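In the form predicted on its own, a lone chain appears below as structure tokens.
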């Protein structure tokens, strides 16, 4: 029999700041084309000499991962698994600019070494002294879910009892401008919130969200991570089949889902997928979160954190409601759905402990 898996600690950095109890009470909706992370002081966690050489993504990853470990009272996890859509872009761009500016001569290797996608997981492991399983997934907007699926299998197959898993992505100037030219990010003169968006593209951001997963339920446990599934490409009409197959695998009826968490991001071309998804469930709350975090490849990790927090607190903050349906009874099962540009669909089921 597979082991049950619990979320015992959460850490996050986003445009709203760090993960804390009053986060959703203090949160402000984003309306700009791009919003950087609201970063704390890293000085108490990272040595000044190292801090100067670290990109934003590495610093965010270290901070959020330590927060997740501290909450679960874990010093060193048995495995570290991360997901990132675009990796350490700032160092990648820095190295490429050096190649061009110096005509491919007299290059220092530091930026190149730090630009690899597994830098965040490696730096976390080095800092903790963790010699266990260390893996990074780079699958664009299902990068985090790929890492989460690996973590779930590691725990259910008794390969580890505690796993640190998370997603992190950073903003870099050159790549941001290219994505804006491609229409994936809203133009700078558009100040639209997710709910009143009338244009293509998204409000872009950056962030990191980490979880301490374990086969042991503790006093800090948020929720049980039950299962997840991934699908690369679907037509809107095929969302019904994806959900039906997933629920059949759980041997559960749609009526047993108490709330939905969806990745609506204000891109009017593709948010229709969430309408198709929501129509499959009657009269239950639909929650959203990218109006607070913005869109980036691993933003869906924050969606899982929202679901876990709601199950633990048995309360839904008003700022998270997308529709008019309100929770009237105890919340037991929440289904998290995310997709980006009609591709990379994921479903994650979490249950109350």
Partner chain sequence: MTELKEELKGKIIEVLNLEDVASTDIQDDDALFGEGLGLDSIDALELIVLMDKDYGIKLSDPKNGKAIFESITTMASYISQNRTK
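Positions refer to the first chain, counted from 1. It should be emphasised that the depicted structure is a prediction, and the values quoted were computed from it without experimental measurement.
As for the form predicted together with the partner chain, it is not shown, yet the points below apply to it.
Residue contact with the partner chain in the model of the complex: residue 107 places a heavy atom within 4.5 Å of it. Of the heavy atoms in residue 102, some are within 4.5 Å of the partner chain in the model of the complex. Mapping the unseen interface onto this chain, residue 53 counts among the residues with a heavy atom inside 4.5 Å of the partner chain in the model of the complex. Residue contact with the partner chain in the model of the complex: residue 113 places a heavy atom within 4.5 Å of it. This chain is displayed without the partner chain, yet in the model of the complex the stretch 45-53 from 63-71, 312-320, 295-303, 45-53 comes within 4.5 Å of it by heavy atoms.
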